[in-house]
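Consider the single chain below, provided in structure tokens and representing the form predicted on its own.
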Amino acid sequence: MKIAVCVKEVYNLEQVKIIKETREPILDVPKKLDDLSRNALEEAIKIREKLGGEVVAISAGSPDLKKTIKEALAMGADRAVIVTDCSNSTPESTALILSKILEKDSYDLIIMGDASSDDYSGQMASRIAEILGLPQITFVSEIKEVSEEKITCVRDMDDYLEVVEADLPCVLSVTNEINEPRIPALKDILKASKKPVETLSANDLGVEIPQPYEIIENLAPEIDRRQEVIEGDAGDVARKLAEIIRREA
């Protein structure tokens, strides 16, 4: 079975630093593979381990993507296809770019996270399924059964679960409840640099990326800290702190 996993690079929010005086972020923030992309990739690898075949990581982003995609290869993707000149593209143009890549090959299953931790638009699976004319199953929290012809999934609809069956090829978007992504071993990290990565541009795919917006300002929210110091022994401090918490609700 040939499985495509659409993965996304995002800023590592844990490493964002703010300039105190101006509230501006320091822009040299490292990027990483989005957490839900890791869930999607883990599920694809589990299916390959069961049925055999190939897992291909597909992504569109910035030039940094050449480094970030190695995370997907270290986790177990066999190869990757990336576009590195569309860091500011809209969901619409990104879906078109990914669809153009997917059309270049024949995939039995296309998996991705149901959203990303940066913009969390949740549009990608539905847009790609529409462009390619494929059935889609969204919010997948469990794959109950998969064969060469069909797949049966559980959809998490918050207040109820829904079991859905679809013919392959099919597009899936998964939630983080579906699995616990593996942590690559050192040998897998070393092997990742030797796996094939095809690098394309939007122009290669015949897609023009619009520039729909301009970032005017990017500031951290202003926080007014009380800077109140509580003095005394442990008992006094605990009582005063409890009073403040009660008073401030």
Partner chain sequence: MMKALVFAEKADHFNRISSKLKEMGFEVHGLSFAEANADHLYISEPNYDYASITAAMEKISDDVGPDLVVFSSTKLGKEVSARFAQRKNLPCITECLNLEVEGSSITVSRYSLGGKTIAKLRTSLPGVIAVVADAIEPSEQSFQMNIQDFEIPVSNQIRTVSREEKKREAVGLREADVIICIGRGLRKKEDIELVKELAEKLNAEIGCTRPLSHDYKWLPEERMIGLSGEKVSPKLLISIGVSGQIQHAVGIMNSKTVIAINTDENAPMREHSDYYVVGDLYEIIPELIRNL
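Numbering follows the first chain given and starts at 1. Because the structure is a prediction, the values reported are computed rather than measured.
Below: the form predicted in complex with its partner chain, not depicted.
- Although the partner is absent here, residue 226 lies within 4.5 Å of its partner chain in the predicted complex, judged by heavy atoms.
- Using a 4.5 Å cutoff between non-hydrogen atoms, residue 206 does not count as a contact of its partner chain in the predicted complex.
- Within this chain, residue 21 is remote from the site of its partner chain in the predicted complex, having no heavy atom within 4.5 Å.
- By the criterion of a heavy atom within 4.5 Å, residue 81 is excluded from the residues contacting its partner chain in the predicted complex.
- Across the options 214 to 222, 58 to 66, 40 to 48, 196 to 204, residues that bring heavy atoms within 4.5 Å of its partner chain in the predicted complex belong to 214 to 222.
- For the stretch 151 to 166, the set of residues having any non-hydrogen atom within 4.5 angstroms of its partner chain in the predicted complex comprises 155, 156, 157, 158, 159, 160, 161, 162, 163, 164, 165, 166, in sequence order.
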